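Take a look at this one chain, the form predicted alone, written out in structure tokens.
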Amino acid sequence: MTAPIPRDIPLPLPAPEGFLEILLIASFLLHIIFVHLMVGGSLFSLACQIKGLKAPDYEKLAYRIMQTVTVNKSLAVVMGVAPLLIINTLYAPQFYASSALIGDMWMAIIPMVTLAFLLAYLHKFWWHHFINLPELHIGIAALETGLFLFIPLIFMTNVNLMLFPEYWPEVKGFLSAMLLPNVLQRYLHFLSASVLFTALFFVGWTGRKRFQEEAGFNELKIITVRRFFYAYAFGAAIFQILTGLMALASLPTQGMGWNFILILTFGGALALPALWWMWRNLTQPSHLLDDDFKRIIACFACAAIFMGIARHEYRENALADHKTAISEKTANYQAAVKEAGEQARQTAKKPEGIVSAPGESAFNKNCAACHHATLPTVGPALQEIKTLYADNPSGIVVWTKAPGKKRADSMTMPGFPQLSDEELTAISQYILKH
């Protein structure tokens, strides 16, 4: 494996790993539904507001839609805490590394979310204050919607990057991470899902008996509104199938497996009967079939569950070798630390008059925690160093005085300015004779 291999945190998990994985899938699905409704609601509110410039009833519809956006964005944030904590628990080395690689943009999420929320509240609560300033009001809605669209792209870029450690050495910030294979395809798939689920939500929401009274339409009919949302749901479902195939084709092969393909195929197949029922309602001449709507919701809810399971299956497949390598490196490091501690204690207990080998004490104090005799830990094993610098102790001294990074799977070696040339020479001779 050529990918960087960090050490794990040697702490026990707070619960069995399988249980945490189930919680991760369930909590993520709950979170992403409200993210879809937040993003899709902002898009629909903006679109209806623009349409309302010529048809005032759509302005009223936009206002009603906006009432749901602020509620759904709060639920999206609250429901996002659990999956974020669990993914940090199960995949700490990978998620920490990917977050650090896009650090500036990752930290920018906090002010962007704050600004998006403030704009959403301004858009909603000052709606009637902007009645004579439609361009300004639409501009605020567009900025709010743009932020709601961009923030999930940052999350998606990060989660995609953590899956492929082999790309970490190539990444130079957010833009290069965003342009890695699969990110934009997955983002288009996410957008189509946002439109699909939000449109279906509004088909049901506008079908409530009280909606006509709440909306106060002058000319617009409820069946027209519901067909409007059905049409977007139907188009988004078609687009989601296409973007899903694009995302599948662009996925790196290391995460593929028959379980993943079968789960994904079964989940995707559930969309087909839902498409038929949506088409049937779009072509009904006088009324909509509420039983069909319940079937459509059931199909897409089951499809979302299967997609969530498939997503986790791919993540586990993609990171299996990397997680194994991290476990081995962590075990080697802990063994080296334990051995270095034992050596230090033995050296301290030596009776007076028994002199340690030249450089042994300095090596145990400064080097042993990272360089084991036979095991690669933070740095290479002593056996490898002896091969590289055979009969060349000065080479070790030169490197230690101005260290760097030679391996993609290891960290940069720190400097040791506190050690004199005589101590470094003694250490290098000890390493080559050990």
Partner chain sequence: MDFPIFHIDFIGNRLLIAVDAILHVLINHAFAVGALPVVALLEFLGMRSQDPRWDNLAYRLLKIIFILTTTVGALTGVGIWFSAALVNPAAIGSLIRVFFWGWFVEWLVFVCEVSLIMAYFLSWQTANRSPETKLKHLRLGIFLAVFSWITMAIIVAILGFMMDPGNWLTERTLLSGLFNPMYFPQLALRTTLAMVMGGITMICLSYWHTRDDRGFRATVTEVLSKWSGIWMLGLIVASVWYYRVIPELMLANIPVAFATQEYAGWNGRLKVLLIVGLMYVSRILWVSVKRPGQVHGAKYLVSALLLFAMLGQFERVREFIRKPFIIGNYMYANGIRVEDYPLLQRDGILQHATYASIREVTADNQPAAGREVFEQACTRCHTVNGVNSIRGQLKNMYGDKPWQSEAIAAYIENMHGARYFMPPFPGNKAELNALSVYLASLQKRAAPFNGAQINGIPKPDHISTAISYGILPNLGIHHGEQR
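Here the rigid core means the biggest group of C-alpha atoms that line up within 1.5 Å when the two forms are laid on top of each other. Numbering follows the first chain given and starts at 1. Fair warning: this is a prediction, and the values are worked out from it, not measured in the lab.
One more form of this protein, predicted in complex with its partner chain, exists but is not displayed; see below.
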Any chance Ala3 has a heavy atom within 4.5 Å of its partner chain in the predicted bound form?
-> yes
Glu422: touches its partner chain in the predicted bound form, heavy atom cutoff 4.5 angstroms = no
Is Arg311 close enough to touch its partner chain in the predicted bound form, meaning at least one heavy atom pair within 4.5 Å?
-> no
How about Met256: is it within 4.5 Å of its partner chain in the predicted bound form, going by heavy atoms?
-> no
Quick one: from Met246, Ile238, Leu289, Val113, grab the residue that has a heavy atom within 4.5 Å of its partner chain in the predicted bound form.
-> Val113
Interface residue in the predicted bound form among Leu179, Val77, Ala301, Leu272, criterion: non-hydrogen atom within 4.5 angstroms of its partner chain | Val77
Partner contact check in the predicted bound form: of 226-234, 133-141, 186-194, 171-179, the stretch with a heavy atom within 4.5 Å of its partner chain is 171-179
Within 4.5 Å of its partner chain in the predicted bound form, which residues of 361-381 have a heavy atom? Give them in sequence order, or say none.
-> Asn364, Lys365, Ala368, Ala369, Cys370, His372, Leu375, Pro376, Thr377, Val378
Would the C-alpha of Leu30 be classed as shifted by 2 Å or more between the shown form and the other one after rigid-core alignment?
-> no
After a core superposition, would you say Thr400 shifts its C-alpha by at least 2 Å between the shown form and the other one?
-> yes
Could you tell me whether the Cα atom of Gly52 shifts by at least 2 Å between the shown form and the other one after core superposition?
-> no
